[in-house]
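What follows is one chain in C-alpha cells, specifically the form predicted alone.
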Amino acid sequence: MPKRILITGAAGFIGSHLCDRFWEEGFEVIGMDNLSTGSLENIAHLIGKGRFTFLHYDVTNFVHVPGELDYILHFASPASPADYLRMPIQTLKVGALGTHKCLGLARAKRATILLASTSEVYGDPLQHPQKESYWGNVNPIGVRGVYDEAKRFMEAMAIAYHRYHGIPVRIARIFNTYGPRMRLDDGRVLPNFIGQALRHEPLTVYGDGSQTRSFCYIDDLVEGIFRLLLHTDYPYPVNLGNPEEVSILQFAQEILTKIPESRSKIVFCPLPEDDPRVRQPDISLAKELLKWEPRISRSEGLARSISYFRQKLGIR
C-alpha cells in the first residue's frame, strides 16, 4: 500500500507543489485547505486522479482523517504580509489551534509531522546571516507580530509534543520562496515587481531599497522539504532557503532587465512597519543533514516565473 500523507494548505503556493511532488513519488495524498488564500486552480490537475483526495476544511477545527496516516505536512497559514495583515486573528489561530490539531492527529495516528515555520521568526535580525541557533528580534505587538509569533508558537508546541509525547517532528524554517502559482496580488515583492513590470506600472520599492532578501526557487525548496521529512529524524528547526543575498533595489533592476519591453520606472515609498532590513539563511545545517542546497539560479528561476505570470496575464 502507498504511504499516506496529509498536506494542510494544499491549495496554496507551496502546498500545491508539495502535493505534486508526493503524488509523483507514489504517495496517497490527502490535501486540506479552507481556501482563504489558496486556490483550487493550483491543484485542479490532481483532482479526480487516483491517490489524491481534497478536503475543503479549516484545520483550526478538530481534524479527523479516516484510516492510517504516515505523514503530515502542516502548511496551512496566510504567508504574505497582505494576507496576514488582513486576517490577523485567523493567522494566529492557524499557527496555534491549527498546529495543536495537527499535532494531536500525528499523535493519534503515530505519524511523522513536518511543520512550515519561517525566516520571520528571526524578525529584524541582529545576526547576519541567520543561523538556527539565533533566537530572533521580533516585535510581538507590531503589525507583523501576528505571523511571526504564530510561527514561533508553532515551533514551541511542536518541540513540546516531541519531548512530552515522543512525536516525530520536523521543523522547516522557510526563507523567501518564489515561482509559479504565486498570486499576483499577494503583496510579496516578486509578484509585485513582475506584475507591475508586465503592466508597465511603477515598481514600488519601499524605503531606499537597501534592505536585502534571499530568494529560493520553489523546486529547490520542495526538494529540501522532501529530504527533511524522509531522510533525517532531526526534530529541531532547519533553515531552507537560498543564501544568495540581493538588495530590493538591485532586484527591481533585475526584473526590468528580464522584461525589456517594460516601460516601468522605479518609485520609492515609505518603509512598512517592522520590515526586516536583512534576510539571508545560513544553510550549513541543511547541507550537513540533508546533503541539500539550492540548484536553480535566480536568473533561471526568474525566467520561469516571468513566463508563468505572462501566461496568467495573457501577455506574450
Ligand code: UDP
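Keep in mind that what you see is a predicted model, and the values were worked out from it rather than measured. One rule holds for the numbers: they count along the sequence shown, beginning at 1.
One more form of this protein should be noted, the form predicted together with the named molecule, which is absent from this view; the next part is about it.
Annotated contact segment (heavy atom within 4.5 Å of the named molecule in the predicted complex): 202 to 210, selected among 202 to 210, 150 to 158, 226 to 234, 106 to 114. Comment: the named molecule is not present in this chain, but in the predicted complex one of Gly142, Gly187, Gly136, Pro168 has a heavy atom within 4.5 Å of it, namely Gly187.
For the options Tyr122, Phe193, Tyr178, Phe75, the one in contact with the named molecule in the predicted complex, meaning a heavy atom within 4.5 Å, is Phe193. Residue contact check for Leu290: none of its heavy atoms lie within 4.5 Å of the named molecule in the predicted complex. A residue is said to contact a partner when one of its heavy atoms sits within 4.5 Å of a partner heavy atom; Asp275 meets this definition for the named molecule in the predicted complex. Of the heavy atoms in Pro243, none are within 4.5 Å of the named molecule in the predicted complex.
Contact annotation: Ile248 falls within 4.5 Å of the named molecule in the predicted complex, judged by heavy atom distances. Using a 4.5 Å heavy atom cutoff, none of Arg173, Leu285 and Pro294 lies near the named molecule in the predicted complex. Taking a 4.5 Å heavy atom cutoff to the named molecule in the predicted complex, none of the residues in 45 to 64 make contact.
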